[in-house]
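Next up: just one chain, as structure tokens, the form predicted alone.
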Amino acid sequence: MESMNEIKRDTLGALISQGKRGDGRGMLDYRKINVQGGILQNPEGSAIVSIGKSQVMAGIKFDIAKPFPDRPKEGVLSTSADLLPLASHLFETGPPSDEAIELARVVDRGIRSANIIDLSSFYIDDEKVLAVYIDLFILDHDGNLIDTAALAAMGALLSARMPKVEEGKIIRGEFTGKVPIKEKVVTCTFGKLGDKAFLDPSLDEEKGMDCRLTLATTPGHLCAAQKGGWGAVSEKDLMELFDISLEKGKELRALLND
């Protein structure tokens, strides 16, 4: 496997140095993106998103929970990711892998840092708050799962309905309207090899690149950032990629229906 990755790295390096990519895309082009919201009947919200051949389904569920001790007047937001073995030979059954935990945390951080949900409105009493759970299911893996999962989570939230709550209990099947969402937060993930950066790395590119940088944005604002891999990103590169993320974020948000 390591020898194969070295071959991929050499091939990728030769292409990237010339400003080319294996699938013919430009350095700052996404693969084809498809977003479908509200696809499932039972969750409060749902969406399925594909970027190229990568595909992620997201579901939203509400429940009653105890507030966190450090946030006693706020509801709970929790994100989890399940890397289904059917999606890739790289995934195995069992407890969440480091990759699954990182994926969930990066998606969660973008949503949480952007404050797109008023969690204080989920307060019921000192012992009870509403909890919103975002479950991500990886259906097919061909690179850039972060952007795919982030779009799926956002699409599911935009389709989500607020459950009716009476006497501290959720009345299942009854709703009070859509979940209030202040902004649409999206992520743009870049691969970097040497001094070259490229958007939306495919799986082959991920195996050969030095590092990965994900930037979560709302219109005009950077909400969160996450770097993976051993390579470095300079301050100059970071500012350039931030500007690109703001522009590409407009394209991604246009794909999300309220």
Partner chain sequence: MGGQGEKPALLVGGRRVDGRGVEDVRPLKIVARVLNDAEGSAYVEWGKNKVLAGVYGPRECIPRHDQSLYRAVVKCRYNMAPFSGAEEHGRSGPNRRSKEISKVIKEAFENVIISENFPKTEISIFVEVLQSDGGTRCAAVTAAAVALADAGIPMKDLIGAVAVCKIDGQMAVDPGKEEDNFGESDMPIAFSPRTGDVLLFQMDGLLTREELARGLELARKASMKIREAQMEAIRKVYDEPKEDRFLLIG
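Positions refer to the first chain, counted from 1. Keep in mind it's a predicted model, so treat the numbers as computed, not measured.
Omitted from view is the form predicted together with the partner chain, to which the following refers.
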**Q.** Answer option from 119, 158, 100, 139, heavy atom within 4.5 Å of the partner chain in the predicted bound form
**A.** 139
(Q) To verify the annotation, which of these, 209, 199, 215, 48, has a non-hydrogen atom within 4.5 Å of the partner chain in the predicted bound form? (A) 48
Q: Go through 184-192, 129-137, 110-118, 148-156 and give me the stretch that gets within 4.5 Å of the partner chain in the predicted bound form, heavy atoms only.
A: 129-137
Q) Counting only non-hydrogen atoms and a 4.5 angstroms cut-off, does residue 59 reach the partner chain in the predicted bound form? A) yes
Q: Spell out, yes or no, whether the shortest heavy atom distance between residue 76 and the partner chain in the predicted bound form is within 4.5 Å.
A: no
Q) Would residue 228 sit within 4.5 Å of the partner chain in the predicted bound form, counting heavy atoms only? A) no
**Q.** residue 168, heavy atom within 4.5 angstroms of the partner chain in the predicted bound form
**A.** no
Q.
Would all three of 221, 234 and 244 be in contact with the partner chain in the predicted bound form, where contact means some heavy atom lies within 4.5 Å?
A. no
Q: May I ask you to list the residues of 154-175 that have any heavy atom within 4.5 angstroms of the partner chain in the predicted bound form, in sequence order?
A: 172
